[in-house]
Ligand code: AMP
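A single chain comes next, written as structure tokens; it is the form predicted alone.
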Amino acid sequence: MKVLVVGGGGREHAMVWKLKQSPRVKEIFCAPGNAGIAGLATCVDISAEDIPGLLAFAKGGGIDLTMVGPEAPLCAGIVDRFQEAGQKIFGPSQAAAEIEGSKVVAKDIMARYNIPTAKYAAFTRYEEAVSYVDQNGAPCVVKADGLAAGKGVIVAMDKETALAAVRSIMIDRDFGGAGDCLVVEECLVGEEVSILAFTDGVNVVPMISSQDHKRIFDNDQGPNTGGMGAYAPAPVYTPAVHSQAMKEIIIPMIRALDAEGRTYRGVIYAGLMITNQGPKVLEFNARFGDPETQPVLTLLDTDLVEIVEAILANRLDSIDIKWLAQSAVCVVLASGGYPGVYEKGKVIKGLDQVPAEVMVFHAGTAFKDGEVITAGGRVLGVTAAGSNIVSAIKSVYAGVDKISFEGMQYRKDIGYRAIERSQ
């Protein structure tokens, strides 16, 4: 079959890499792709948000299956448009994807169906948000309602930071239209875990757990990013926590969405905080996470195409999804200045020196004059598996050590919580 992958980041590189392993797949296209994806698929110069262009390509190119990586086209209704045109596509509908497209929609659904999450209040007026923060103080979490590429969340430990965040989102418009509405939440305390699950709208099959590292610097310091690394599985996600999360959060959310007329098919992502009262929802996303997808798909031992086709045929319960009994770690190499202002066009050296057992997923890269250059904030996701978390970390950093570009920054402690728990 011919497959089209929509997107051009590290997540999409991991998806292409896993799809390439399927004997069912004869040819892969990726729009727009990147310099790394180009080694596995034919890159097509169409934006991930150009839905008419993508649909025309799929119809004209005889594409048998389209897989959507990023949230923006999902929230813009790419699945609905493709299905209306008779094209097979994997991902949630626009109505279902609104659990990521609007934090207020997601929080309101959770409130209606008693799904455990942080207490919250939503505002469309700046003065009312300021008054709420003045009265309730800090710590709190301030979130832009709409899509902000993983950066529209500010954890405020004091009132001044919270008020500055409200101003940044609603007045300065640092996240554009995503700041038309704003959510202020209580600050949950605990350890975070990411749970991705496959669902056909009725059946729900969780993937192996993972943990993202959002802050830019070691020891979880500095501003939030789109993710500086991840590992799987996460020891904090014990069998008891898993049982509670599935029973109280994941399955109830799929049932709630169906009841709301938003039947969800695809990959659903729950960002959870494991608190003293049990798991609570930080956020829901409507797609594979990034960078969690890189280690999670590294450990997937079942043909991804078979899973996707089972979901599209509403028979997810008929397939046995298996995972490797290993650990995997992804370390993100980012441009200097990220998540703020950064330069592009830096030549990346050492890619040909990385050990064979280490996979380098490209995120923000391009070709120029025969060389691979930086073209984004998060540039590469160096990923490796091992028999345990310690061996996976050792392997991944051996790969990182071979790569360099001007201004390169990365965290040196990805997976540290897993090591602490193992000790």
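This structure is a prediction, so every number in the text was calculated from the model and none was measured. One-based numbering along the sequence shown.
Same protein, other form: the form predicted in complex with the ligand, not shown, and the subject of what follows.
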Contact stretch among 127 to 135, 185 to 193, 163 to 171, 315 to 323 - heavy atom within 4.5 Å of the ligand in the predicted bound form: 185 to 193
Interface membership of L282, the ligand in the predicted bound form, 4.5 Å heavy atom rule: yes
Any non-hydrogen atom of T263 within 4.5 angstroms of the ligand in the predicted bound form: no
Heavy atom of Q94 within 4.5 Å of the ligand in the predicted bound form: no
Interface membership of A256, the ligand in the predicted bound form, 4.5 Å heavy atom rule: no
Contact residue in the predicted bound form, chosen from V202, M246, V141, A121 - any heavy atom within 4.5 Å of the ligand: V141
Heavy atom within 4.5 Å of the ligand in the predicted bound form - the one residue of A148, A76, M273, I216 that qualifies: M273
Members of 152 to 178 lying within 4.5 angstroms of the ligand, judged by heavy atom, in the predicted bound form: V153, V155
